[in-house]
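Shown next as structure tokens: one chain only, the form predicted alone.
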């Protein structure tokens, strides 16, 4: 291994460099110039996002602990794109007086979690995966508690760190059983010794339980709504999209690479989790009035749909999940962008506060409508195509009853998404949210999201590219 081989860690090294630059900038920038760090951090990360789309050779480092493939690079690019949009949407919020002294911290914490997520995705053994998981989790608790003068934010941080500690303990306990029965932590060695025996099955169940916390699968979802509600809107967007996406990617990769030979164990388990997650997530979303809690249960339901693709167990399943997450980045961040803009202007975050929003802010209303329609899977927006391919992947394995349940849940989700649309377009309000002008960084982020919602669904070349780089597991 020579210095040139470290190019395989190009994205991680660039992100570490950005963290160091932001740290130096935080130390040496005068108080009255702190806002310049927002522009600096956003531009640097935008450049890093573009660089990550450049081709890179495949290979491995550290004896196989770190592995780079075209698929893992694309997954990281999807996450980078999500973080870049979050940074654009956070511009105005970070300029608030109560955030003035900790702007650099926001960039450092988010990029640190992203580095951990990258190591999770590129891990070739369970130790690297677990280190990446902890690096991604611990700064996230600080992000949830970012508004230090808010009791709800502090509560969100405490709940996130406690539940994360519990889930990490469960996950590590399961990994200890897998290591004890296979004699190795490397994925390639483990797969040769994985079979259906009580000890390995027990370890696998604990592994799934630990990862289910991170993806917010039922019944490991109870922390989600409280943390989403208490955290700042932009942090909630990050948790909902980037954190969930990284956990889903990692779970899928390990499931396919290590446990692909014991599908008889994990198929019924994931089947049950998918049904419970879709159903309970949708039913609880019906009861919500606070938009952050509303989006929390929406994201739980969407996690259930992701399992439909994961259960396919082959290249088709991997392709559909990655394609779904790419669309989910644009769709969910479009919704959170509108919620963030309105919350920053008016402080209102309830569905009833959006009554008559179309009359005062028609463009924001239209963007939120498109995002909600995409989440519901209504054609011709991109969310329809992502749901269609997920159903196709499940159908290829003969899960027709599961598809029927998913379609029924999609119908339920349409009802509660239309509640928000009804509030904006039909319900009257004597004091609607006043007309306001969104800052240009927010406008750019929403423009990117809207373009993604329309273009990705019709650009078949994107789906074909993802399919071509999926490693073949049949």
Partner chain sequence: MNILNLFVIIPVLTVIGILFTKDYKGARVTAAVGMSLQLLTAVILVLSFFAQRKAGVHGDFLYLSDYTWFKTLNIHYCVGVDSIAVWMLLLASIVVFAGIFASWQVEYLAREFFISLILLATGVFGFFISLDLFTMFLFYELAVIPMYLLIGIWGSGPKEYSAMKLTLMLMGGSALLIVGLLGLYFYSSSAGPVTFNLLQLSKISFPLAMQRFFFPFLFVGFGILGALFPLHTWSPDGHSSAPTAVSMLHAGVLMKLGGYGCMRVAMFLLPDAAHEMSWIFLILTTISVVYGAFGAIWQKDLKYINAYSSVSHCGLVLFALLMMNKTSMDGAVLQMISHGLMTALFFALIGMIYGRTHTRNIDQMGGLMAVVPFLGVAYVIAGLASLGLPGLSGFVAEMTIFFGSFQHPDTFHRVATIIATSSIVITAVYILRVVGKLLLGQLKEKEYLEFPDAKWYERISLVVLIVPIAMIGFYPTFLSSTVMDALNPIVERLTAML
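Not measured: the values here are computed from a predicted model. Residue numbers count along the first chain shown, from 1.
Heads up, the form predicted in complex with its partner chain isn't pictured, but that's what we're talking about next.
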*Determine whether any heavy atom of residue 359 comes within 4.5 Å of a heavy atom of its partner chain in the predicted complex, and answer yes or no.*
yes
*Would you check, heavy atoms only and a 4.5 Å threshold, whether residue 400 touches its partner chain in the predicted complex?*
yes
_in the predicted complex, does residue 434 come within 4.5 Å of its partner chain, counting heavy atoms only?_
no
_in the predicted complex, does residue 428 come within 4.5 Å of its partner chain, counting heavy atoms only?_
yes
*Pick from 387 to 395, 298 to 306, 138 to 146, 163 to 171: which stretch has a heavy atom within 4.5 Å of its partner chain in the predicted complex?*
387 to 395
_Going by heavy atom distances of 4.5 angstroms or less, which of 447, 51, 421, 40 would be at the interface with its partner chain in the predicted complex?_
421
*May I ask you to choose, among 62, 440, 415, 28, the residue with a heavy atom within 4.5 Å of its partner chain in the predicted complex?*
415
*Within 318 to 342, which residues come within 4.5 Å of its partner chain in the predicted complex, counting heavy atoms only?*
323
